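Before any questions on binding or motion, here is one chain by itself as structure tokens, the form predicted on its own.
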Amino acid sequence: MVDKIKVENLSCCYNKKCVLDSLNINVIQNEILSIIGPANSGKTTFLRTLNRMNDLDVTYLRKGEVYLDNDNIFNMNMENLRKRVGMLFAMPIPLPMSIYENIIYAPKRLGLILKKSEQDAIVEQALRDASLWNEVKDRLDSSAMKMSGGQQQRLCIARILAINPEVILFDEPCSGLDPISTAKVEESMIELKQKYTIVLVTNNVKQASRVGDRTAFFLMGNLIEIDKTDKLFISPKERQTEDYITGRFG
């Protein structure tokens, strides 16, 4: 097993209030690492640190390092980092344009492609990988705003895949979706780990147990426990982990 991401002594604060404290964790290549924990545990802060979205907040301070392969992400060009690490948010945010143009927008802006045939190939492959091609292949010129919520979320996944990242960050990707749409997004994640490394933040412990290869439990800015998902859910080492996954708190 190869570490794709290594986090060393990471502490993150907003307005001098720390929300992550000396975090040490790794993410293995081509795994789904699920991160669970109650509100204000630092889960989303951790996720946003991995592609440096927190840098946009003037109140944010960080100590520690994060390595993508052997590259320190805080020494990387921001555009290069965002090409390598994509992020999907809780609510789908399609662009007000066609399905086709949504997917090809980023590659065109980045100057990755020129020919129409190359664009067509990228759109089809991204939609196939997001388990959406069969549903929209006959209406690629239709507005993305007319898609269902679940389809819009998978479109946003396809939009990330179009730039061929190495890591995909999922921040509560199914929080606003119905069970059928949730199942389709989860199926997409399981398929995607064949090509990508995935970090999933979720408040749904059942979702973590369904899709995660490993699961980490965060509490009040600390990593309490990390283990293979089936082991953590069946026989957690820490009482706090057991209390959370059995619904005693959180």
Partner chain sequence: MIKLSPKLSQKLSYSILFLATILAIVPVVVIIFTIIKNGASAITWDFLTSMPKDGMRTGGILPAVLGTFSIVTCAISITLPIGVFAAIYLNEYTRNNLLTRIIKLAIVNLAGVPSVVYGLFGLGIFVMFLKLGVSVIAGALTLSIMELPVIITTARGALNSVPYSFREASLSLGVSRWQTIRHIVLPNALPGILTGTILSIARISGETAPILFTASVFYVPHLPHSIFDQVMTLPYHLYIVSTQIPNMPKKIIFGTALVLLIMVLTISFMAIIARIYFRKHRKW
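Positions refer to the first chain, counted from 1. Computed from a predicted model, the values in this text were never measured in an experiment.
There is another form of the same protein, the form predicted together with the partner chain; it is not shown, and what comes next is about it.
Not displayed here, the partner chain is approached by residue 106 to within 4.5 Å at the level of heavy atoms in the predicted complex. For the chain shown alone, residue 82 is a contact residue for the partner chain in the predicted complex, at least one non-hydrogen atom being within 4.5 angstroms. In the predicted complex, at least one heavy atom of residue 160 sits within 4.5 Å of the partner chain. Residue 39 falls outside the set of residues with a heavy atom inside 4.5 Å of the partner chain in the predicted complex. This chain is drawn without the partner chain; in the predicted complex, the residue among 180, 121, 97, 114 with a heavy atom within 4.5 Å of it is 97. Although the partner chain is omitted here, in the predicted complex none of 13, 27 and 63 has a heavy atom within 4.5 Å of it.
Residues placing heavy atoms within 4.5 Å of the partner chain in the predicted complex fall in a single listed stretch, namely 50 to 58, out of 50 to 58, 214 to 222, 31 to 39, 194 to 202.
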